[in-house]
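Only one chain comes next, encoded as structure tokens, the form predicted alone.
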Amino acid sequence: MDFTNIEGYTDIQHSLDALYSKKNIDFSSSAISNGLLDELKKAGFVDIFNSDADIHPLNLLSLIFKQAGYQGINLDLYSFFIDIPLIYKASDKSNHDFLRDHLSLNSLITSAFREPYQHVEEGLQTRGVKESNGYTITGNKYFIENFHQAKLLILSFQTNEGIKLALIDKNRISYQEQITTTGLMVSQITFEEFHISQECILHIDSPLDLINEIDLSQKLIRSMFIEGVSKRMMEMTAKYTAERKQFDRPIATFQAVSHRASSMFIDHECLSLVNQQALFSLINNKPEKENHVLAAKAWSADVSHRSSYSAQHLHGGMGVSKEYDLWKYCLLAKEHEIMHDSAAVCITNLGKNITLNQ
């Protein structure tokens, strides 16, 4: 089944490729600080979150991130495109002024949901203690995107009343800088008896369901990103092995090389299929959507590992030369392989769901 039959799919794909190619940015720099987000907004890609849009946001986001991966751009806009719009959709009208400013780029918001060992059964480890005028929270949040550019931060924490989300001023928070595998700057926050007033709490009916939806969307879009990365590595490997000669023959004609390259192609095609199935399930809110997304993320993690290994192997010394672009795609594959859970974690969770008949 072809899940990519949305109207204008090819035109959107070509438009994104032209936009990304024109920017020619360092893949380790922020999409906000280098102006790429402004370019995406000018091209109309941020307006997809308008309620009267003809295309579902996840359909477009899959293309935005897949083509970013293909072009070697580490698009650090997962919080911007996924977390904040989903919160905007779930929150009541009293929060909409802040969130509308975010989508207009007037007052950017980032999110702090991720924690060390967040996949453990106990759930969120950041805890909030109820007080007369708010909460006092303690815990750690990490891998916060675009903390420097944001003005506001949305934080999740656990209380005796359930999960709460709060919108707070970023300037109240001290942070530590972290550098990812690809050289991208992210942030980590440690909260120790940090006070949040009641006015900062976002009014959302089911925060747990919202966080689960955000998590599934993040996993899927990262899997789409890896699909773009693996496709580019496959194409670079095919081109190189067709041109590189040994014994007066292109090495692509050697059986061992052609078998290895064929495995890269099969991996990519399988990943594309499971990604599209997960996208279809998530958009249509199918009962099996979580299992499909977990399967896609597990596949993408394994494919990113195998494809980068095969590409470097078949390129020989050129595979690690910084004069050749393959090295940065391998770094992207290595980083996103474990982002939002590794293959092992996803398969474990998938097995639990199947065992529990979920």
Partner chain sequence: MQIELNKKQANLKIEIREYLQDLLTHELLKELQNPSYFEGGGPEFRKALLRMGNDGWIGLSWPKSLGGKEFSPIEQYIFVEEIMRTGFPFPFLTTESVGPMIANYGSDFAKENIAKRILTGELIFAIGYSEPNAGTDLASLTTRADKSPKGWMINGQKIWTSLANFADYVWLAARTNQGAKKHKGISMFIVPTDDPGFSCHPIHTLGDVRTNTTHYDNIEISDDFLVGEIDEGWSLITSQLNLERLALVNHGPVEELYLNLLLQAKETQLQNGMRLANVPWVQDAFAKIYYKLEALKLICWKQVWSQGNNNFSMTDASVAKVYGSEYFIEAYRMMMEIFGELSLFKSNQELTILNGKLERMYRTASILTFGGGTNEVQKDIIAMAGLFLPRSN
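Numbering follows the first chain given and starts at 1. Just so you know, these numbers come straight off a predicted model, no measurement behind them.
There is another form of the same protein, the form predicted together with the partner chain; it is not shown, and what comes next is about it.
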Would you mind picking out the stretch of 272-280, 171-179, 79-87, 154-162 that comes within 4.5 angstroms of the partner chain in the predicted bound form, counting non-hydrogen atoms?
-> 171-179
Output flag, 224, 265 and 286 jointly within 4.5 Å of the partner chain in the predicted bound form, heavy atom basis | no
Just give me the single entry in 331, 40, 58, 32 that has a non-hydrogen atom within 4.5 angstroms of the partner chain in the predicted bound form.
-> 331
In this chain shown alone, the residue from 46, 314, 36, 295 with a heavy atom within 4.5 Å of the partner chain in the predicted bound form is 314
Using 4.5 Å between non-hydrogen atoms, is residue 302 touching the partner chain in the predicted bound form?
-> yes
Heavy atom to heavy atom, is residue 188 within 4.5 Å of the partner chain in the predicted bound form?
-> yes
Partner proximity in the predicted bound form: residue 342 to the partner chain, non-hydrogen atom cutoff 4.5 Å | yes
Looking in the predicted bound form, any heavy atom of residue 246 within 4.5 Å of the partner chain?
-> yes
Can you tell me which residues in 308-325 come within 4.5 angstroms of the partner chain in the predicted bound form, by heavy atoms?
-> 309, 312, 313, 314, 316, 317, 318, 320, 321, 322, 323
